[in-house]
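Only one chain is shown below, in structure tokens, and it's the form predicted on its own.
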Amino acid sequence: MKKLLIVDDAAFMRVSIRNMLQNQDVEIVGEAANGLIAVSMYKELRPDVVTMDITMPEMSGIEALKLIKAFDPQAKIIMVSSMGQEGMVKQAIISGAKTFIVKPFKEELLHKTISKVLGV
């Protein structure tokens, strides 16, 4: 079973992603409310894939992405962004994100994206 880390400052979004993935072949190993916690949890838990919000307190998703990629160049990170953040999405892809999902999104899109990133 593949391990997933959910990173979003909005608790309802973390719960939504968790619920969407309940019946999938994915184990949610942790949740982080900001990029600073995400980097620490990534190093400890070594998940197979991460869903990462872009705009968060303490440390943005872009900064966390860069630190995680520096620690593990093979990290698979899916950026999750709101509409109107195209510039940040481009910066995330350049910084090493595998792909991105625009909020709000449907369960099917999340499943397909995770499967594609994991090569399943």
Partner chain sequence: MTDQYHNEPMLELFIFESMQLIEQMEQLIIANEKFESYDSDAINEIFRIMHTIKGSSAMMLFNNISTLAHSMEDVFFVLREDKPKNIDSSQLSDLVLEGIDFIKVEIAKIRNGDEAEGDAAALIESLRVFHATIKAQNYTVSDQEMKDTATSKGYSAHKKQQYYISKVRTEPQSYSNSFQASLFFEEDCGMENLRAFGVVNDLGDLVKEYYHIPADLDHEDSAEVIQEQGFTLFFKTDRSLEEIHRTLGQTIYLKDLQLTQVKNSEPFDDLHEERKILLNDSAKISVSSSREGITNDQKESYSSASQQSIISVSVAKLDQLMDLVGEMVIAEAMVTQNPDLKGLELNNFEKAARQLRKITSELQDTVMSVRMVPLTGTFQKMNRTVRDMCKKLNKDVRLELIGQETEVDKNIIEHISDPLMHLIRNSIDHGIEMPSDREMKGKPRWGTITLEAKNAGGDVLIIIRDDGGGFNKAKIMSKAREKGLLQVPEDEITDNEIYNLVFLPGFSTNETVTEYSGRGVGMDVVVKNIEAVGGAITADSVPGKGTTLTLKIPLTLAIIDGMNIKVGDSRYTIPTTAIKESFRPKTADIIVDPDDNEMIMVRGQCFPILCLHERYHVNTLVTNFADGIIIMVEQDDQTLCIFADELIGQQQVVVKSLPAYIKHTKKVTGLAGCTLLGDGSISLILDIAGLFSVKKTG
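Since this is a predicted model, take the numbers as computed values, not measurements. Positions refer to the first chain, counted from 1.
One more form of this protein exists, namely the form predicted in complex with its partner chain; it is left out here, but the text below deals with it.
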**Answer option from Met88, Val49, Val26, Met41, heavy atom within 4.5 Å of its partner chain in the model of the complex** = Met88
**Message:** Just checking whether Ala70 would be counted as a contact of its partner chain in the model of the complex - the rule being heavy atoms within 4.5 angstroms.
**Reply:** no
**Message:** How about Leu45 - does it come within 4.5 Å of its partner chain in the model of the complex, if we only consider non-hydrogen atoms?
**Reply:** no
**Prompt:** Would Lys2 sit within 4.5 Å of its partner chain in the model of the complex, counting heavy atoms only?
**Reply:** no
**Message:** Can you tell me whether Ile62 touches its partner chain? I mean in the model of the complex, with a 4.5 angstroms heavy atom cut-off.
**Reply:** yes
**Request:** Scan 1 to 23 and note down the residues that get a heavy atom within 4.5 Å of its partner chain in the model of the complex; none is a fine answer too.
**Result:** Asp9, Ala10, Ala11, Phe12, Met13, Val15, Ser16, Asn19, Met20
